[in-house]
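There is one chain below, alone, in C-alpha cells, taken in the form predicted alone.
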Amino acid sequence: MRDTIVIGAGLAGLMGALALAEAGRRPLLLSKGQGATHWTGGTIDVWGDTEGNDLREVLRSLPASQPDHTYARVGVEGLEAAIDRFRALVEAANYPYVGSLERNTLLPTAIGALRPAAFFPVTMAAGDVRQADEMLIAGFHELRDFYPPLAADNLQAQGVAARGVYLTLPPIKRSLEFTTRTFAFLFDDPGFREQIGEQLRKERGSATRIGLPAVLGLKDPVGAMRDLERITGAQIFEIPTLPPSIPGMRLFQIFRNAIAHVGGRLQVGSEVLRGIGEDGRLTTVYSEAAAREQEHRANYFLLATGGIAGGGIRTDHTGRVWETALGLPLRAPQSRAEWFEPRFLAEHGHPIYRAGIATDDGLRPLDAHDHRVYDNVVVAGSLLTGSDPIPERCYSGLALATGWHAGQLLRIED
C-alpha cells in the first residue's frame, strides 16, 4: 500500500505531487496522459486583467463578489507560496520565469492578438507589447498554423510596430513531418541555430526584437535564445503556438525530474476508471492496464484530473454529467438545455464549464447535502467548482495554487 496517490498530470497534479514528494510521502502519480501542459502556452495566467491593475488587490476583493470562487479557498498568500515554489523549481532547471503579481504583461499570440500573462518563461519576455521597439515576427512555411505576416498585420492594427517574414529552412538530412516537436529538435542543434540566426540578422532591418514560434529547443531553450541574440544583435522571444506545446513539454519534464528526484513516481498511461471506499475513506482505485485493471491502494488521494476541458468531467447527449475517475458528485447544470449560451465565451462564463466538485475548506469532496464523501481525498485544479477559468483567464494560476495547497493539506496528515 502506498501513502499517497495523485490522479492527474496537469499543473495541479504535478504541483501537488511535488509538495508530497518533498515531504517524504513518496506519491504515485497516475494519469491517462501528460495532462494540460502539452496543450497550453506555458504561461502562468493568474487573472485576465488587461488594465494594469495590481493582481493581488483584484484577488483580495474577489471573495466579496464571489465568495465561493476557488481563489477564495487558497487566498493570495496561498497563491504567492505556490508561485514562489514554482519559480524556484524552473529557475533550478535553467528555465526561469519572469513577471509579477503587480500587473499582467501583454504578450502576442500566434495570430497577433494580445494575451495577458502574470508569469512566463524568460524566452518570451522580450515580446511585451508595451515596449515601443519594433518587432520582426519570423516563421517557416513548413510549420503550419503559424503565419508571421498575419500576426504582424494584426499587431500593427493594435498600434504595435511589427513586420512578418518567412525564413528558408536549411537543408536537413531527411524529410520529416514538420511539427513543433520537429522544430524543437532542430533548434537543439547549434549548427541549425547558426544558420537561422544568419537569416534573421539579414532580415531584421530596424527591428530590435525578433519573435519566433515557441520551438527553441527542448534541452536548453535559454541557451538557444542567447545564441540567436548573439548572432542577430536583437532580442529574441518565443510566441506560443497551437498544440503540442513545446513550453508545456519543458515544464512537464522539469516536474517529472524533480518529483522523481525526491522519491515520487509518475505512471503515465494509467487512466483511473473507478474507486471504492468504506467508512468514509477511499481505499482503492483501479486504473486501465493492457489486459486487466490495475489495483492501487493508498492512505490518501489527491484528485486533479481537470474539468470538462481536461477530461475529468464528461457528458453525453442525454445531458448526464459525471466525474470520470471516482464518480464523485458534481455541481452542474441539471438539464442539457442549460448548457447553451448565445456566445460560447460569454462574459459571465459558460454554464457547463462551471461544473465541478464542491468541497469543504480542506478541499475534501462534498455531496449534494454538503456532507463529506471521503475524508482522505482532496481535489485540486479546474475540477473544483466555483470558477470558470476560460473567461477569467486563470486556468494555470488556479492549477498551481490549488495543487500546491492540496499537497500541503495532505503532507501534514498523520
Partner chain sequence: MTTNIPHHDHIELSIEHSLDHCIKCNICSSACPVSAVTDRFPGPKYVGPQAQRFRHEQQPSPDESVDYCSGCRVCNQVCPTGVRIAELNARARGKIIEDRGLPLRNALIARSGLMGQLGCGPHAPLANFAFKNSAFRWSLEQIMGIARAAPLPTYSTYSFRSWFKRQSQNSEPRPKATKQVAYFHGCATNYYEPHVGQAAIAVLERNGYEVLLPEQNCCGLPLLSNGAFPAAQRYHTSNVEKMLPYVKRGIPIVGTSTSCTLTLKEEAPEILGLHSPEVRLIAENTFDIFEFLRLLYERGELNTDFKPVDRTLPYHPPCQLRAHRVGRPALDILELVPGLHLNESTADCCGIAGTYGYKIEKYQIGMDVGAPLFDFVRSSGSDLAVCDSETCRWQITHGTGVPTQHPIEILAAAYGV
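Residue numbers count along the first chain shown, from 1. Keep in mind it's a predicted model, so treat the numbers as computed, not measured.
Heads up, the form predicted in complex with its partner chain isn't pictured, but that's what we're talking about next.
In terms of contact with its partner chain in the model of the complex, the residue from Leu150, Met249, Val165, Val122 that brings a heavy atom within 4.5 Å is Met249. This chain lacks the partner; the member of Arg87, Arg226, Arg201, Arg181 within 4.5 angstroms of its partner chain in the model of the complex by a non-hydrogen atom is Arg181. Figure note: of the listed segments 36-44, 383-391, 59-67, 358-366, the one touching its partner chain in the model of the complex, with heavy atoms no more than 4.5 Å away, is 36-44. Though the partner is left out of this view, Glu177 does reach within 4.5 Å of its partner chain in the model of the complex, counting heavy atoms only. Proximity of Arg354 to its partner chain in the model of the complex falls outside the 4.5 Å heavy atom cutoff.
Proximity of Ser270 to its partner chain in the model of the complex: non-hydrogen atoms within 4.5 Å are present.
Among heavy atoms of Arg411, none comes within 4.5 Å of its partner chain in the model of the complex. Although its partner chain is not shown here, in the model of the complex the stretch 258-297 places heavy atoms of Arg265, Gln267, Val268, Gly269, Ser270, Glu288, Ala289, Ala290, Ala291, Arg292, Gln294 within 4.5 Å of it, in sequence order.
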